[in-house]
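Next comes just one chain, in structure tokens: the form predicted on its own.
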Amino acid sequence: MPILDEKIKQEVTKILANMVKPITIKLFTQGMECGYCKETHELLNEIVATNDKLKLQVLDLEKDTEEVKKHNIEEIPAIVVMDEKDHGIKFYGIPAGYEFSSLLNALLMVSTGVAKLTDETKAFLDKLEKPVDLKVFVTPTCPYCPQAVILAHQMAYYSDKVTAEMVEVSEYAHLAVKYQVQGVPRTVVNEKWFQEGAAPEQILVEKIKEAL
């Protein structure tokens, strides 16, 4: 049974018509598909079918060890959105509900090469000397979460020093406990610093400065 109805498929086709460069979506799963692996695989198949600039590559967590190491994959299902290079843009868990917009945004951003950040943020990112890892914890029913995910992904796309991951809380309860997630969105900066809510760009920059 299709995940996207015809009306949504038409909207996705219209949105992705603005793509410029080809995009590769890498899905990391396994032979005995995990809880949401099958649904994630089907969702990506349906998206890829809407635009010939999209290519889906399905990889096995246990068999494709070089790819797992190359993209630093720790959980499944995992999605990497890339062109000819990995920009550090990942999704852990199915990008469903409100997070569907985060996935479409990532596809368009990488394809068009446009990260909508302020000049001040770009100047800050240009001067980064140490790596920055952003983990944005979300739920599919949170209307404020995509804003936080998209901002993190924009920073990752713009700077080679930044990696950014969407993490769907209900699929990874152990990570929710590890990072003390009690509300979403919650952005974890370099494992130890936290930003609650869909913070404006400048606030997240200040939190990154604090973490560094």
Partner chain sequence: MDFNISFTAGAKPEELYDLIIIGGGPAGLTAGLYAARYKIKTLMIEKMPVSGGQLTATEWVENYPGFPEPILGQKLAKDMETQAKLFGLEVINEDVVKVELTGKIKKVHTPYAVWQAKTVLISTGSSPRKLNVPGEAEYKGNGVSYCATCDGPFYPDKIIGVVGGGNTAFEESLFLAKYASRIYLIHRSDNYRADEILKERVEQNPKIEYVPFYQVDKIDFANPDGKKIILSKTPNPGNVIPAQAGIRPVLSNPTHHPESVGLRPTTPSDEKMELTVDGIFIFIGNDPNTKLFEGQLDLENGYIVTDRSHKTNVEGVWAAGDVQSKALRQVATAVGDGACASYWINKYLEEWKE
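Positions refer to the first chain, counted from 1. In this text, all values refer to a predicted model and were calculated from it rather than measured experimentally.
Although not depicted, the form predicted in complex with its partner chain is the subject of the following passage.
Each of Glu11, Pro95 and Tyr144 is positioned with at least one heavy atom within 4.5 Å of its partner chain in the model of the complex. Just one listed stretch, out of 83-91, 67-75, 96-104, 125-133, contacts its partner chain in the model of the complex at the 4.5 Å heavy atom level, and that stretch is 96-104.
Contact check for Leu59: no non-hydrogen atom falls within 4.5 Å of its partner chain in the model of the complex. Contact annotation: Arg186 falls within 4.5 Å of its partner chain in the model of the complex, judged by heavy atom distances.
With a 4.5 Å cutoff on heavy atoms, Thr139 counts as touching its partner chain in the model of the complex. In the model of the complex, its partner chain lies farther than 4.5 Å from every heavy atom of Val167. Contacts to its partner chain in the model of the complex (heavy atom within 4.5 Å) from stretch 1-22: Ile3, Leu4, Lys7, Ile8, Glu11, Val12, Ile15, Asn18.
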